[in-house]
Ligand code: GRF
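What follows is a single chain, given as structure tokens, in the form predicted on its own.
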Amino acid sequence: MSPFFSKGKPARLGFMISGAGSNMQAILKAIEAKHLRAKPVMVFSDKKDAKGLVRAAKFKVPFQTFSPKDFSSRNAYEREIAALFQKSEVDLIICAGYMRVLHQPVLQAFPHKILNIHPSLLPSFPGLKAQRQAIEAGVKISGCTVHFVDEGVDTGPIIAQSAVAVKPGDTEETLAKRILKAEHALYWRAIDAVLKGS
């Protein structure tokens, strides 16, 4: 295991976001409250107007933002992301609402060191609109999953899950709101488990 799993220095976390960054904020609050022994060192967003960047600034975490449109190819874009996190000496990358599939440049630079959270009990309902998928399937229980990121879409090894009941009359929006609350409680605990090797 890598050194950051030991009792040494706090793990250095890098975040990837595309939107509001509420999961990132929940993790930052857990760090601030000393529930999670880690140090946030960089936030990256592919959206220059992502609301999560305001949250990063509030917690005084440096951030960078650039778009795939700024690069000649997807590989060039991802090489720049990998270089950004390498320069920041990141131990783990935390995807917190980053809405793009990661490919080899980042995956190769950080093998088995990228985490994601998904709003379903994987392997059920991977990909987009997971809450809608759950409603349409008529399931009684959904939830959220923290997993390692691999080349697939929500296919990496599962770290932790939290179940959320699907109530009669639930809409995609009402279910999503309750699942998000569960995500906020689960993600930092899953990161803690990874860092402790448990």
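All residue numbers are counted from 1 along the displayed sequence. From a predicted model like this one, the values you see are computed outputs, not experimental measurements.
Form predicted in complex with the ligand: not shown, discussed below.
- Looking at Ala20, you'd find a heavy atom of it within 4.5 angstroms of the ligand in the model of the complex.
- Contact annotation for Gln131: at least one heavy atom lies within 4.5 Å of the ligand in the model of the complex.
- At a distance threshold of 4.5 angstroms between non-hydrogen atoms, Ala96 is in contact with the ligand in the model of the complex.
- Interface membership of Leu180, defined by any non-hydrogen atom within 4.5 Å of the ligand in the model of the complex, is confirmed.
- Exactly one of the stretches 22-30, 163-171, 39-47, 65-73 approaches the ligand in the model of the complex with heavy atoms within 4.5 Å, and it is 22-30.
- In this stretch, 31-53, not one residue has a heavy atom within 4.5 Å of the ligand in the model of the complex; the partner itself is omitted from this view.
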